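Here you get one chain, nothing else, as structure tokens; it is the form predicted alone.
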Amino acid sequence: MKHFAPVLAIALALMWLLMNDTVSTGQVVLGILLALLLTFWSAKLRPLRPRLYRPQLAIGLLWTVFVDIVRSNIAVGRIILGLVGERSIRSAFLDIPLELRDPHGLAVLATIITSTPGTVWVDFDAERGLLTLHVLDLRDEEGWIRTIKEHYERPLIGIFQP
């Protein structure tokens, strides 16, 4: 039981039920069995176990990510549809120094950034703690750095680092 990941098992079971579009008894039992088996079988692929210090921070982080994704979808849609007037669009790479070092926290940050339209995680220099980000419409470099550090990095440090 030392490799059991309950969050992964619950997520897999829920995905099974969503994919089958039913909550019949048979599908619930099958989903739970498959989730448990896959969780145990995949345990050897996960040598580092995440340690969550303040998981309650994830709720606020999820809301922030949701709001930012909606805003980014609107902004990118406006760019694609040419609704930015005469303003020029400046795509650029941006280096952001990070204090976050936990590999699970970094993986979540990469997922957040890449899931947000208009941004892509390009590189991370672990020795220097430097994230390279590509931004579709970079108008305010300091604003982007502040957003990444305050909206995402600070809660992730609280969740994954002591």
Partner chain sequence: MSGVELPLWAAVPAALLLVASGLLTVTGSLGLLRLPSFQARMHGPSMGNTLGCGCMLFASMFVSSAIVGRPVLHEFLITVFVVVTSPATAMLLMRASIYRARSKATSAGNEVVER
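Numbering follows the first chain given and starts at 1. Being a predicted model, the structure only gives us computed values, none of them experimental. So that the term is clear: the rigid core is the largest set of C-alpha atoms that superpose within 1.5 Å between two forms.
A second form of this protein, the form predicted in complex with its partner chain, is not displayed here; the remarks below concern that form.
Trainee: Whether H134 contacts its partner chain in the predicted bound form should be assessed with a 4.5 Å heavy atom distance threshold; does it?
Mentor: Answer yes; at least one heavy atom of H134 falls within 4.5 Å of its partner chain in the predicted bound form.
Trainee: Examine V84 and determine whether its closest non-hydrogen atom to its partner chain in the predicted bound form is within 4.5 angstroms.
Mentor: Contact check for V84: no, nothing within 4.5 Å of its partner chain in the predicted bound form.
Trainee: Is there any non-hydrogen atom of P50 lying within 4.5 Å of its partner chain in the predicted bound form?
Mentor: No, P50 is distant from the partner.
Trainee: Does its partner chain get within 4.5 angstroms of any non-hydrogen atom of S115 in the predicted bound form?
Mentor: Residue-level check for S115: yes, a contact with its partner chain.
Trainee: Report the stretch among 53-61, 25-33, 119-127, 97-105 that approaches its partner chain in the predicted bound form to within 4.5 Å, counting heavy atoms only.
Mentor: Heavy atoms within 4.5 Å of its partner chain in the predicted bound form occur in 119-127.
Trainee: Does its partner chain, in the predicted bound form, lie within 4.5 angstroms of each residue among L18, I80 and S91, using heavy atoms as the measure?
Mentor: All of them do, each having a heavy atom within 4.5 Å of the partner.
Trainee: Would you say whether D21 is displaced between the shown form and the other one, judging by a C-alpha shift of 2 Å or more on the superposed rigid core?
Mentor: Yes, the C-alpha position differs by at least 2 Å between the shown form and the other one.
Trainee: When the rigid core is used for the superposition, does L12 move between the shown form and the other one (threshold: C-alpha shift of 2 Å or more)?
Mentor: Yes, because once the rigid core is superposed, the C-alpha of L12 moves 2 Å or more between the shown form and the other one.
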